[in-house]
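Presented as structure tokens, the chain that follows is alone, the form predicted alone.
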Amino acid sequence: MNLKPLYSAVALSTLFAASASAAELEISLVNLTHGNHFTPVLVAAHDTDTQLFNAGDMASPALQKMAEGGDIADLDMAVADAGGVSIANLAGGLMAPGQKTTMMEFDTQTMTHLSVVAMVLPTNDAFIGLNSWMIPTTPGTYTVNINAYDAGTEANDEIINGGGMPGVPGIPAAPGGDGGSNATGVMDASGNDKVHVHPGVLGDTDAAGGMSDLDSRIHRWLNPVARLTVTVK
């Protein structure tokens, strides 16, 4: 549900003036997981009508492409088409567990909201997701914890098979080199095909078989999975 507060003309002019003075941001992101990587991270500044995803709705093709294979190009293009600005590939590649990356200067121009997405590896279609967070107009440092979401576009079978194209089952890879092989697959009994908070992975401890190619000692997580720090200058 999109709640759009009503402002008077005076309040609006004050808000826009404050937004203009708070356009320069410093962005820091930390991977909080024990053993999972993030694919290239998209940080987008946009208006109130633009959303990269919405929990409870079906994933867009662009979101599916990102959540299953880590490709942020279509989402980045959608932001640009809506008049927004973005940082594509914030960390310059994969973000390892515990890694922190910072962008010192991010000019959000007149955009009022911030969104962040990236695929979580190794998973079928999990992604970190911050959707339409209102950028504060008061200078200061703000911290936001980010959960992992399930795109709802693919069964969570936990099989690493090099998959990653939309509609192709399986997990592209375990970047840490700590995934298993020959899994029979986790039976995903969920019928939820909408974007929803990810339940986490099951994994097992059998690297040469078992039901999962994920290691339950390494790849399991509890939300939140990332922490965003925004400094409004």
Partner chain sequence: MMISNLNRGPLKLLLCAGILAAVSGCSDNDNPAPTPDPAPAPTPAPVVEHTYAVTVTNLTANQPLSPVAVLATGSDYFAWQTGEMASLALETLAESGDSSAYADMEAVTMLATGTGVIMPGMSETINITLAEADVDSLSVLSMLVNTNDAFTGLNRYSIAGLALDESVSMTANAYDAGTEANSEFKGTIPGPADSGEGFNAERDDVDYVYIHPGVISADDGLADSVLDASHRFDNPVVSISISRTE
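What you see is a predicted model; the values in this text were computed from it and never measured. Positions refer to the first chain, counted from 1.
In what follows, reference is made to the form predicted in complex with the partner chain, a form of this protein that is not presented.
The closest heavy atom approach of residue 64 to the partner chain in the predicted bound form falls outside 4.5 Å. Using a 4.5 angstroms limit between non-hydrogen atoms, residue 207 is distant from the partner chain in the predicted bound form. Taking the partner from the other structure, the partner chain in the predicted bound form has no heavy atom within 4.5 Å of any heavy atom of residue 110. Although the partner is absent here, residue 145 is a contact residue: one of its heavy atoms lies within 4.5 angstroms of the partner chain in the predicted bound form. No member of the trio 46, 83 and 132 reaches the partner chain in the predicted bound form with any non-hydrogen atom inside 4.5 Å. Heavy atoms within 4.5 Å of the partner chain in the predicted bound form are found in one stretch of 112-120, 153-161, 68-76, 91-99, which is 91-99. Using a 4.5 Å cut-off on any heavy atom, the residues of 198-233 that reach the partner chain in the predicted bound form are, in sequence order, 202, 205, 216, 217, 220, 221, 222, 223, 224, 227.
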